[in-house]
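Quick heads-up: it's one chain on its own, the form predicted alone, in structure tokens.
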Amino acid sequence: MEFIHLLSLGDQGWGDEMLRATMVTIMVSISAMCIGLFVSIFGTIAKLSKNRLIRAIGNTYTTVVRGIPELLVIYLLYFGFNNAVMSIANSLFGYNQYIELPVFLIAALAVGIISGAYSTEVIRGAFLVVPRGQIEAAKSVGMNKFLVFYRVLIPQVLRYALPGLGNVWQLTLKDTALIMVTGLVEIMRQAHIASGSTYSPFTFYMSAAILYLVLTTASSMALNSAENWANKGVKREKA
């Protein structure tokens, strides 16, 4: 069958290229999620700050990033960062040649910033769900701010935020399809290249859909296990 021949491993097929592209997708997704979680820490602190200026910065970040298309964010960072680096190199060192930053770095950073905006809202919501009475009770038994944060807030925030962060991970995984515009060869880019070379777009785009479905299904299973572990020992209300 032509389908099997096109997706076979080795020089005659595109199977090994699709598998390598899948690994790139996974690496970009993990890198972007880590960047997003790092950014969301500061985003959450900013949005919960009592300082109006800091709170406005946090609100602006989440509003702008969530309010414009993800593809536009990727374009702005891809072209903006390269132009910024070239401008700095020209003004400080007199270097006027073209400079292009690593595509993987730009792709992970762009998707990470998008992921961070959604993660910020998830974590902020989780902080607000923690009952204030538990914090007051922890303080009343002599816990300082660090112990309250470490022993009371963090465990519960992680438990409350885990389902939302799972959704953010799934979005991050699928948003990597947009970075094909940067030239990084992930699943969608490889499917586009293969379909153009073989004139069999349905075969490779359907293969890409199956690969994404496998990744998201495996992620859902892992996330469900993580949620069950996080809720171990927690009494659940009956419907």
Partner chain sequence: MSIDGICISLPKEYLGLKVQLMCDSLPKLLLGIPLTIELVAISLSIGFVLAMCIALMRISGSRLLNIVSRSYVFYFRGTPLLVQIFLIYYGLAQFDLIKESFLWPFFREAYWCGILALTLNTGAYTAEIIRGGLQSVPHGQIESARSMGMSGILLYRRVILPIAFRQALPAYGNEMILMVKGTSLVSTITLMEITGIARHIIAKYWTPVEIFLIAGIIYLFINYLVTRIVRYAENRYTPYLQTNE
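Note that this is a predicted model, so its numbers are computed, not measured. Numbering follows the first chain given and starts at 1.
The same protein also exists as the form predicted together with its partner chain; that form is not shown, yet it is the one meant from here on.
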Which one of L178, M33, V39, A46 is close to its partner chain in the predicted bound form, taking close to mean a heavy atom within 4.5 Å?
L178
Indicate whether F79 is a 4.5 Å heavy atom neighbour of its partner chain in the predicted bound form.
yes
Please check if N228 has a heavy atom lying within 4.5 Å of any heavy atom of its partner chain in the predicted bound form.
no
My question is simply whether Y118 lines the interface with its partner chain in the predicted bound form - judged by any non-hydrogen atom within 4.5 Å.
yes
Look up in the predicted bound form whether T217 has a non-hydrogen atom within 4.5 angstroms of its partner chain, and give yes or no.
yes
Contacts from 70-85 to its partner chain in the predicted bound form (any heavy atom within 4.5 Å), listed N to C, are E70, L71, L72, Y75, L76, F79, G80
